[in-house]
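Only one chain is shown below, in structure tokens, and it's the form predicted on its own.
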Amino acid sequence: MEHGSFTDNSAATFSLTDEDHTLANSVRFTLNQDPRVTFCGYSIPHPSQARVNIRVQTTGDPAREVLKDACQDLMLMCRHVRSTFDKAVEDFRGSNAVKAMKIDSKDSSDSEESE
């Protein structure tokens, strides 16, 4: 839900339900990287409510568009982190490090009992 002025699209507060600090802080960080943003902050109105309010003020561009761009940038960052992590796990599993650590697919307690 968007709360803003009908005459000034460059400032608005967006209320996101079923979200918490995890998404809000990530969106805030991404918004603050955008040179079109003059102010960005978020608040959680009450700890028992799963709602986040994100305030965006821009240099003149519509706040809604800037928020949308920031969310798209954040999704790209998350995809990059995920693919980098997956590749690192694949490289580690393919290396001799796993064999040197004597990691077995069975639970370690099972292998101790069999010895």
Partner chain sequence: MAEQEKKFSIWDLPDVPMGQLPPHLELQRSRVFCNKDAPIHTESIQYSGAYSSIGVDNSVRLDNFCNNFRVEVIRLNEDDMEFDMIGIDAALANSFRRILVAEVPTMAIEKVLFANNTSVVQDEVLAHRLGLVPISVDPRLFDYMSENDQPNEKNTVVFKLHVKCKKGSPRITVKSDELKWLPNGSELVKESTANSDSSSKPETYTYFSCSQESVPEFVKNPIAPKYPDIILAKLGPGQEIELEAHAVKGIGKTHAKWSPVATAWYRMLPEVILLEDVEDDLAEELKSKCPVNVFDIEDIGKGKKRATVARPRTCTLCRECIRGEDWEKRVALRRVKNHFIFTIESTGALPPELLFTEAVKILEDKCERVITELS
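The model shown is predicted, which means the values in this text are computed figures rather than measured ones. Positions refer to the first chain, counted from 1.
Form predicted in complex with the partner chain: not shown, discussed below.
A.B. asks: With the partner left out of view, is D34 within 4.5 angstroms of the partner chain in the predicted bound form by any non-hydrogen atom?
C.D. replies: Close contact exists here: in the predicted bound form, D34 approaches the partner chain to within 4.5 Å, heavy atoms only.
A.B. asks: So in the predicted bound form, is the partner chain close enough to N53 to count as touching (4.5 Å, heavy atoms)?
C.D. replies: Answer no; every heavy atom of N53 is more than 4.5 Å from the partner chain in the predicted bound form.
A.B. asks: Answer with yes or no whether A11 is in contact with the partner chain in the predicted bound form, where contact means some heavy atom within 4.5 Å.
C.D. replies: Because no heavy atom of A11 falls inside 4.5 Å of the partner chain in the predicted bound form, the answer is no.
A.B. asks: My question is simply whether T38 lines the interface with the partner chain in the predicted bound form - judged by any non-hydrogen atom within 4.5 Å.
C.D. replies: Although the partner chain is absent here, T38 would touch it in the predicted bound form, with heavy atoms inside 4.5 Å.
A.B. asks: In the predicted bound form, which residues of 50-82 put a heavy atom within 4.5 Å of the partner chain?
C.D. replies: Heavy-atom contacts within 4.5 Å come from R64, L67, K68, C71, Q72, D73, L74, M75, L76, M77, C78, R79, H80, V81, R82.
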